[in-house]
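Before any questions on binding or motion, here is one chain by itself as structure tokens, the form predicted on its own.
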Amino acid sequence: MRKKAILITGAAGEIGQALIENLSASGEYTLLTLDLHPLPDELHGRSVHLIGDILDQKLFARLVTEYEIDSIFHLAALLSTRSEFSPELAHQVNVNGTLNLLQLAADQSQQRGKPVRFMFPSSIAVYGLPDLATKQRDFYVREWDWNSPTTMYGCNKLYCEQLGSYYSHNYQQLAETTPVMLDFRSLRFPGLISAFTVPSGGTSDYGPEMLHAAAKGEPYRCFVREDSTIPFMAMPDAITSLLLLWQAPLESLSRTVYNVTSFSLSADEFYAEVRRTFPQAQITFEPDLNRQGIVDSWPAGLNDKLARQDWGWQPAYDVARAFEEYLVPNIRQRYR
């Protein structure tokens, strides 16, 4: 008899590590984790960890002979800045890798007669506002506004949201028998700020890069203008929102894709928060025109009313608490 399991891809990242800690605590779940890299030593024994690629269909074929996949947290992706340098690779990883997993989830749903729950982190990169005047006017963007991404990463994420919706509602719609659909759920995250993971080159990483550089006593050249504004979220809130949506009853959901957010800051306001703790921070603003253009196309804020209404989303970390209780103490400890 196959064992029930939860599959987490991109498990070596901070969201993946936090999910492993959370889901393994009860001992209720068998966790299968997948990444190109090993997990940290402190997570050994919490999951069955596989070093592998989400493009490896043979790997997934072997997994389903031993495990019944109950839920999938698909975190693996090539992020925004790197995707611009390698758009073909980005499409392979972000789209084809997701398609492999959606097909696995669809097959598993039909075999067991019960939907596999498929959790997909998306991004503000799916939005593309045409100019700064529109960005200021439409400050809090709704899920259906301005879905015109200007980056390969944004295009990939938006298309995968649509693929997920298709597999949830219209898969094999011309088949003679009605298939059991998977249960796809997606969150559009703002810029995520972590105290425990060094920024990895995302286009929204100029904020956390300032903080990490200041804590190390290193100068930092910010690649956007002082007035550049996007929404942010502390990493603990990202984990909370992902788990809340995963646990929500299907009948309470009015859509498959939801905005979530915590607070919006300009780059200069972020710098002001950094200076409160690190008054000697050496930060200059030297905009890179290409990356600046991407940030300008992203919304200044997100309207997350539907997430609050449908499944009780409420951020725990506003600006003050994010910096004072989470970011500053932990980053200080990291570089002490």
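Note that residue numbering follows the sequence shown and begins at 1. These numbers were taken from a predicted model, which means no experiment stands behind them.
Just so it is clear, the following notes concern the form predicted in complex with ligand AKB, a form of the same protein that is not shown.
Stretch 118-126 is the contacting one of 118-126, 68-76, 244-252, 86-94, since its residues have non-hydrogen atoms within 4.5 Å of ligand AKB in the predicted complex. Shown without its partner, this chain lists S194, S262, S186, T203 as candidates; in the predicted complex, only T203 has a non-hydrogen atom within 4.5 angstroms of ligand AKB. Checked against ligand AKB in the predicted complex, the residues T98, T229, Q108, S80 give one hit for a heavy atom within 4.5 Å, which is S80.
Taking non-hydrogen atoms only, Y153 approaches ligand AKB to within 4.5 angstroms in the predicted complex.
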